[in-house]
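Single chain ahead, written as structure tokens, the form predicted on its own.
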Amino acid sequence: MDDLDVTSMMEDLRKRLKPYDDPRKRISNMPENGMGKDDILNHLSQYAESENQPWKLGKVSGAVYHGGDDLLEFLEKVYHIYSQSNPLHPDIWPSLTKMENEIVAMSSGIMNGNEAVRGSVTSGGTESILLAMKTYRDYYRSAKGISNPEIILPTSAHAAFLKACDYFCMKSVFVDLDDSFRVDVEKVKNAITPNTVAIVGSAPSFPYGVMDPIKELSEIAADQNIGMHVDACLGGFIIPWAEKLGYHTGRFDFSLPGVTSISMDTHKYGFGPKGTSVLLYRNSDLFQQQIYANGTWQGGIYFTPTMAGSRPGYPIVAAWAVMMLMGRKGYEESARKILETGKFIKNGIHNIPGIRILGDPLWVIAMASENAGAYRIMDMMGKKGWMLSGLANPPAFHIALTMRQTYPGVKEKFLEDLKASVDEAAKGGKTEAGMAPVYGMASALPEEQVRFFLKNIVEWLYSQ
């Protein structure tokens, strides 16, 4: 990629990612005198009015999983009651501990857990994954004396697992996928070594929305006496109802003896606020390894179940409130709507020449195109207002369906625009720079160069 291409790409990224980057309006120092409340609220309203439009129209993949006005108004009232709370101080806010315990209990029930299950609410799926991997590292260091721990990961596993390995000095062992984009079970067996502490399976995977063979993976874990983590961050509040609604998913929860931990995001299809996730362990022996406790600090007794010290209490309370509001019937009904929308869109894609679905997903639908080019199609969709997620190896993109796509007319508009985008891309239609060059570069350059470029992109985003 020559300098001109990079310059063009960066200019396009600036327009998309830093649209407010106007030197005349930049705030570089705290004002001497505070701004008026009305002025501040007007400022924020202007930002939100523009930024909320895409997801309200149902044109965003994932990100906002419910977004209904009634639910948002309800959560605003919850925030007003618990805005100052902090679970670091259970003596001041014991109700937070009660509600966190009840979230864990309700989530365990969904996952067919028993009274032995322990867990906590985290700040999101990434923290749940980080904590689970740290727990396996520490548990098997004590139980088996493993000092060079390895985690077996499908190549489709979430990047948070790699982040965990990087943070906690663990080796990630990748296993290829089969033709259906599920992890290859035989290759998992062959990847196990005396240093293996855990196997990971997705329910479903973020890139392709397909279920890994969790039952078979759990049998391997049980036979080898190692951990088995199920990443149900995406599916934890949909898959439990899918079988009842007539969709085949297979077992993936604590009903399988080899499954030892599960992560499930309350801030995704649990419809809670950002950021909350639930991390569950089969027993207290594992959960004990997650907890940090210090009784000799000069500042007094200090203990935390998660990575953070102070945590906002509101997300915990709001997640509890939404679960109580929805109930099992409410989640089943939302799952029905989302899965039916997924079936409609998949049937429509099958009738569009030049594009294909990867694997056999339910509602997170990945698409590729050898002729038109997946990234070109994604950019064409972007010109029509759709904000989709790009994938790599192979080049593809996906849409993670939410309640916003179940609204009248949205799924039909998606298929109409997709067909037009495929046709335009196949004919070599003009496209903006968009993300296509970024994904193309990532697939063509060595990993170290891509990592260097992306770190510089992040630094650029967080600089004035």
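Residues carry their position along the shown sequence, with the first being 1. These numbers were taken from a predicted model, which means no experiment stands behind them.
Same protein, other form: the form predicted together with a small molecule, not shown, and the subject of what follows.
Candidate site formed by Tyr208, Met367 and Leu401: none of these residues places a non-hydrogen atom within 4.5 angstroms of the small molecule in the model of the complex. In short, of 295-303, 259-267, 143-151, 324-332 it is 259-267 that has heavy atoms within 4.5 Å of the small molecule in the model of the complex. Shown alone here, Leu234 lies within 4.5 Å of the small molecule in the model of the complex, counting heavy atoms only. Proximity of Thr196 to the small molecule in the model of the complex falls outside the 4.5 Å heavy atom cutoff. Although the partner is absent here, Gly124 sits close enough that one of its heavy atoms falls within 4.5 Å of the small molecule in the model of the complex. Proximity of His158 to the small molecule in the model of the complex: non-hydrogen atoms within 4.5 Å are present. Checking Pro204, Gly227, Pro87, Gly272 against the small molecule in the model of the complex, a heavy atom within 4.5 Å turns up for just one residue: Pro204. Listed residues Ile129, Val200, Val183, Ile377 were compared with the small molecule in the model of the complex; Ile129 is the one with a heavy atom within 4.5 Å.
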